[in-house]
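So this first bit is one chain, no partners, the form predicted on its own, shown in structure tokens.
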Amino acid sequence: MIRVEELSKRFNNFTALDGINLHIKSGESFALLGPNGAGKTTLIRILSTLLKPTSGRALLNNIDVTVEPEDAKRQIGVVSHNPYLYDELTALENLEFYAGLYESNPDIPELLKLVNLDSRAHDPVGNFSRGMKQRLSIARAILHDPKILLLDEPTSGLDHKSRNNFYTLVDRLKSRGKTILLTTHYLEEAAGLCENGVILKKGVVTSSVDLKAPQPVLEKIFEDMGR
């Protein structure tokens, strides 16, 4: 569902990604792990069609993100640490606005129910907690029923309870067959949401990770990752 082949991205003399290769199957939940500056967000931005690679290619459901960016966008929903919502609009109005941009006709009340915000449908988003905004941002991301979800450090800044609520929601989407690519710094997040992953350091994939390995093994991997 996601194929990345010899992908590189350079900014003047700085190489953010250097020959990345990934193959993520349909319905798989996959984690991009690594310290700040590793290239995780650069890769997400390329997959989101916001950046063009310097060389190599990336395909979403066999669609080249550089050659057919508009078709590629229809395959993805993106959730980051910024929910990209309008505080002055209600939850319902936010989703209606974005549905118009997507030219889709989703069942918005059902989406609000999915993210446990149906009782707050008519409240201004400016009154929502950060965790509620992140749940609403998932509803926004799946308005057009994408096959792929790109989650770029989506729980950064959330408290423990909000994080757990977010995980529950992602699990529901996994059960619907969505392919998920997650970037995170959190061991419990990667292990709880994903089966496999890779570690990025300075734009290079240094190793693959079985995220269903025993906890001590994962803790050692994460310890080494930070060095």
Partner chain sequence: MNPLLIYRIVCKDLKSELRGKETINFMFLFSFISLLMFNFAADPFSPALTEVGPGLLWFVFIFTGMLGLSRAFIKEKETGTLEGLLLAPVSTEDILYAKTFYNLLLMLGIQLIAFPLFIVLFNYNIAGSALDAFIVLALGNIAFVVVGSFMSALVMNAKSRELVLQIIVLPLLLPVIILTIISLRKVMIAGVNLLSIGEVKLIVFYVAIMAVLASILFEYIVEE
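Note that the structure is predicted; figures quoted are calculated from it, not measured. Numbering follows the first chain given and starts at 1.
Unshown form predicted together with its partner chain; subsequent notes refer to it.
Contact with its partner chain in the predicted bound form, defined as a heavy atom within 4.5 Å, holds for exactly one of Lys73, Lys147, Arg120, Arg130, namely Lys73. Only one of Arg45, Arg57, Arg163, Lys174 lies close to its partner chain in the predicted bound form, with a heavy atom inside 4.5 Å, and it is Arg45. Although the partner is absent here, Ser156 is not a contact residue: none of its heavy atoms lies within 4.5 angstroms of its partner chain in the predicted bound form.
In the predicted bound form, no heavy atom of Ala139 sits within 4.5 Å of its partner chain. Shown alone here, Leu51 lies within 4.5 Å of its partner chain in the predicted bound form, counting heavy atoms only.
When its partner chain is considered in the predicted bound form, Asn82 lines it closely, a heavy atom lying within 4.5 Å. The stretch that touches its partner chain in the predicted bound form, counting heavy atoms within 4.5 Å, is 65-73, out of 188-196, 26-34, 65-73, 174-182. Residues of 82-117 that come within 4.5 Å of its partner chain in the predicted bound form, judged by any heavy atom, are Asn82, Tyr84, Leu85, Tyr86, Glu88, Leu89, Thr90, Glu93, Phe97, Tyr98, Gly100, Leu101, Tyr102, Glu103 in sequence order.
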